[in-house]
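The chain below stands alone and is given in structure tokens; this is the form predicted alone.
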């Protein structure tokens, strides 16, 4: 695996110097300041590449921008309303520009309204560090009592509805605002976030869109952009839903192996693939991560390696971001499946035999606790995760004891 590190640009508390010292081989970043639906210009792409290429003292960093995460799909495209056709045309032009700059992997998602959702961004774990958490009861308190979505209580079990009411009753006005901010936070690094009125407006525009309708919109989008990606040599890789189940009464259509099987089989192209995020898939107990890697390996273009610990066995349940080797996913088995796929690609002579990976998220520990970095992206917590993942890789690749023994 090619070890990469997510960077949110010059304002990121982790500098290019830090990334170099962490031993990352490449950078994962995006033009977070460009609004969704707008063309990424060649000038802005080149500027970000230049920023990655130098250390603070001006010396060459020795690393480059390897993966785009993400080139967002606008809500208009997902809903097929408003300026969606213009946004699709702009997306295709952005793909041409990134390809001309030498970028080959583009991560994105197709989640309606909320791109990722957590209810607590600083949840304290047993050792005193913090992490992100999704609590189904807190989310229900937001959905039913703060957002006040019509019919929201019908989407939760009676036990969750009762607990949500109890929790909401214990929230003062400040705590209510904090929960709402946590839930509606935009994509990491993005300048775009939503107010409650924004969320309500989007929900009204989605109406009663079904999973089949949303999937058709996704397939329409892919039918437009995948041929361009093929033409210019870009590999698109869709990130799974996070969390991988319906929220706000809207379907999520990229949550399981069956979801990916349908989409990747319908638009069958080397340019149409998966971002395998072990944390997002792992939040559902019915997702088998090693099996997903084995089935979709040829079309896995990017890896997010993180772990979550689930509270129970419910499909739509609570979880928190665990240590990379400490959650419910068997990370050793998953990495073994990745290395087997890379070996297969190498035998085939594929130019993308090495799959880019990044240590996704991490717990805030040590000095992270005072830094208040982008939620989910602490420097030391990710460095610890990368070291753990490296150790597994080294052991599995060992000539005497590993896969090749």
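Residue numbers count along the first chain shown, from 1. The structure displayed is predicted, hence computed values, not measured ones.
There is another form of this protein, the form predicted in complex with a small molecule, and it is not shown here; the text below is about that form.
Margin query: Using a 4.5 Å heavy atom cut-off, which of 336-344, 40-48, 64-72, 363-371 contacts the small molecule in the model of the complex?
Written below: Among the candidates, contact is made by 64-72.
Check: Would residue 109 show up as a contact with the small molecule in the model of the complex if we use heavy atoms at 4.5 Å?
Finding: Output for residue 109 is yes: heavy atoms within 4.5 Å of the small molecule.
Next item on the list: Please check if residue 115 has a heavy atom lying within 4.5 Å of any heavy atom of the small molecule in the model of the complex.
Entry: Taking the distances in the model of the complex, the answer for residue 115 is yes, it comes within 4.5 Å of the small molecule.
Next item on the list: Flag residue 87 as yes or no: does it have a non-hydrogen atom within 4.5 angstroms of any non-hydrogen atom of the small molecule in the model of the complex?
Entry: No - in the model of the complex, heavy atoms of residue 87 and the small molecule never come within 4.5 Å of each other.
Item checked: Close approach of residue 239 to the small molecule in the model of the complex, 4.5 Å, heavy atom -> Yes, contact at 4.5 Å.
Note to self: Give me the residue from 145, 235, 79, 304 that has a heavy atom within 4.5 Å of the small molecule in the model of the complex.
What the structure shows: Filtering the options by heavy-atom distance leaves 304.
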